[in-house]
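For reference, the chain that follows is the form predicted on its own, supplied as structure tokens.
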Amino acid sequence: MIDFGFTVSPSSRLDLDKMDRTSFNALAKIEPDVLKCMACGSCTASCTAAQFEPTSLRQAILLLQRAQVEQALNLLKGCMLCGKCTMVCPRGINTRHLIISIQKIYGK
């Protein structure tokens, strides 16, 4: 057997059909703006806190849709709720209220 100097890593594939989306659906019921997000990244680009700590509402929403709650909450930990992201959102999402709702629903 020839050694080419690399190994095959295990798959990191997510089976979205097996994800528990009940908490995300509860969030969407309380805060329907979460479904309006088109993941443009304007919020992340304008974020003051992102210079100092990894903060991204866009990625957090995606992680919540994939039921990866802990990683999503870590991305929102550095948010200072300054409101810059609300001002630049092309969909007019109240991002401050959305972040507070996420923290309320997911209990941190």
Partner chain sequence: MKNNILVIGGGPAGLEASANLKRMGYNVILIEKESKLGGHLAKWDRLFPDGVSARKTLEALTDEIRGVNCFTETQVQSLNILDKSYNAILSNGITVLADAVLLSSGFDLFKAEKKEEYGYGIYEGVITNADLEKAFREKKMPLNEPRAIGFVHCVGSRDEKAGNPACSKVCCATAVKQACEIKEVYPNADVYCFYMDLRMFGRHYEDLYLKAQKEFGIRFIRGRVSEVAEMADGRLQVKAEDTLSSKPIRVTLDMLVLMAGMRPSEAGRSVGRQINLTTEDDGFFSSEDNLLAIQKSKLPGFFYAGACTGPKTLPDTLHEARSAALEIDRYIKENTREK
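In this text, all values refer to a predicted model and were calculated from it rather than measured experimentally. Numbering follows the first chain given and starts at 1. Just so we're on the same page, rigid core means the largest C-alpha set that superposes within 1.5 Å between forms.
As for the form predicted in complex with the partner chain, it is not shown, yet the points below apply to it.
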Query raised in the report: Quick one: does residue 37 come within 4.5 Å of the partner chain in the predicted bound form, counting heavy atoms only?
Result: yes
Query raised in the report: Given that the partner is absent here, does residue 71 sit within 4.5 Å of the partner chain in the predicted bound form, heavy atoms only?
Result: yes
Query raised in the report: Is there a non-hydrogen atom of residue 30 within 4.5 angstroms of a non-hydrogen atom of the partner chain in the predicted bound form?
Result: no
Query raised in the report: Taking heavy atoms and a 4.5 Å cut-off, does residue 26 contact the partner chain in the predicted bound form?
Result: no
Query raised in the report: With the core lined up, does the C-alpha of residue 11 move 2 Å or more between the shown form and the other one?
Result: yes
